[in-house]
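One chain comes next, on its own, written out as structure tokens in the form predicted on its own.
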């Protein structure tokens, strides 16, 4: 029988386009130290470390785990690196949780980072790679046709993407760790920003950020010893599919649907829109909010944009989405998924500060990566599973 697992503490850096004040090791340690303090433990109490990192080409440093082991406190302990492209932060949390749930370790530290200023992810995603489908023009160039297909299929009005951008950037202004904080952003200013990849405009696009995140996970004994509220892990799920194959639905990938179905089943959730209080969803381009609302089962196919337009995904709505500001406000790629998972935990712990959703008891964290082919999810709750 699986052990229970809980998030004991979380930590994250402040994020910026260039963190010139720290090295990669210093960036990771900043998040680790904050997570340890939040969990009320020291590095000596940690049994294993799981490190998440996006493709090495993004920074030009091969296998950074080799030189980061000491800074992460992994000397003499198990250190495992996870890599699932942009979803890696979420996968890192799921792998760390599984080590606790399997009874292998009592406390596990999950860390993820990206120092985009050290290289150029746009370039890394644009160079021809043998035997791989060309992306060209970075991630936006790859995903823009999927957004156009969604708009055509769902009949969504063109202002939906701008609505999401305004919401997330205003939410980000409440988050002291966010990279972009724009309390005065408006629908008109988003719609007037330059078109990058039709229909994706500049203000509907995630920034390039330097940053890191860390969480401490523990078993039930560790949870009971924690000094503050913990976030209990109620369910986790990961699914994968190839980047391309005949008949693939790029707008509503099957792997995402199946991951969500497994997650809700494991958590005992039959009506996600009614039973989930807050969602941290991986939205690097604003139109992915309605697309993922449908993929995850919060709305029927073609109906997700109506939740956005009705204001249901705002802080006071039925399902607040990305109260932290999400990926649209902060995007250290390797850490972005772990940030979603950590922010979900902070919501049910009641520690989200100015972007706290009142009364949040159940939250979902979501990450996707590659060509919408890797999916990682978890449900965390204020209540112990089974109580």
Partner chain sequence: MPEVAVVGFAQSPAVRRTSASGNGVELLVPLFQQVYLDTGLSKQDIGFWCSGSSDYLAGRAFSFVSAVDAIGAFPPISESHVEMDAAWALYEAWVRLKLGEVDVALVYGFGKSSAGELRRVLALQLDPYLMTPLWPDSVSIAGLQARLGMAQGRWSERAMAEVAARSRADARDNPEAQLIGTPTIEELLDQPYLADPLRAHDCAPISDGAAVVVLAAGDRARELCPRPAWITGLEHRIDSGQLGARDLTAVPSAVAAARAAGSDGVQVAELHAPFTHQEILLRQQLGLDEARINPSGGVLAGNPMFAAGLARIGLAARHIHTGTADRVLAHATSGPCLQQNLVCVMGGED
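Residue numbers count along the first chain shown, from 1. Please read all numbers here as calculations on a predicted model, not as lab measurements.
Beyond what is shown, the protein has a form predicted together with the partner chain; the following relates to that form.
The stretch that touches the partner chain in the model of the complex, counting heavy atoms within 4.5 Å, is 101 to 109, out of 188 to 196, 101 to 109, 271 to 279, 285 to 293.
This chain appears without its partner; in the model of the complex, the one residue of 251, 223, 124, 307 with a heavy atom within 4.5 Å of the partner chain is 124. Just one of 43, 354, 63, 37 comes within 4.5 Å of the partner chain in the model of the complex, counting any heavy atom, and that one is 63.
When contacts are defined as a non-hydrogen atom within 4.5 Å, none of 175, 361 and 387 contacts the partner chain in the model of the complex.
Shown alone here, residue 181 lies farther than 4.5 Å from the partner chain in the model of the complex, counting heavy atoms only. For residue 16, no non-hydrogen atom is located within 4.5 Å of the partner chain in the model of the complex, even though that partner is not displayed. Using a 4.5 angstroms threshold between heavy atoms, residue 303 stays clear of the partner chain in the model of the complex. Looking at residue 118, you'd find a heavy atom of it within 4.5 angstroms of the partner chain in the model of the complex. Residues of 12 to 30 lying near the partner chain in the model of the complex, listed in sequence order, are 23, 24, the criterion being any heavy atom within 4.5 Å.
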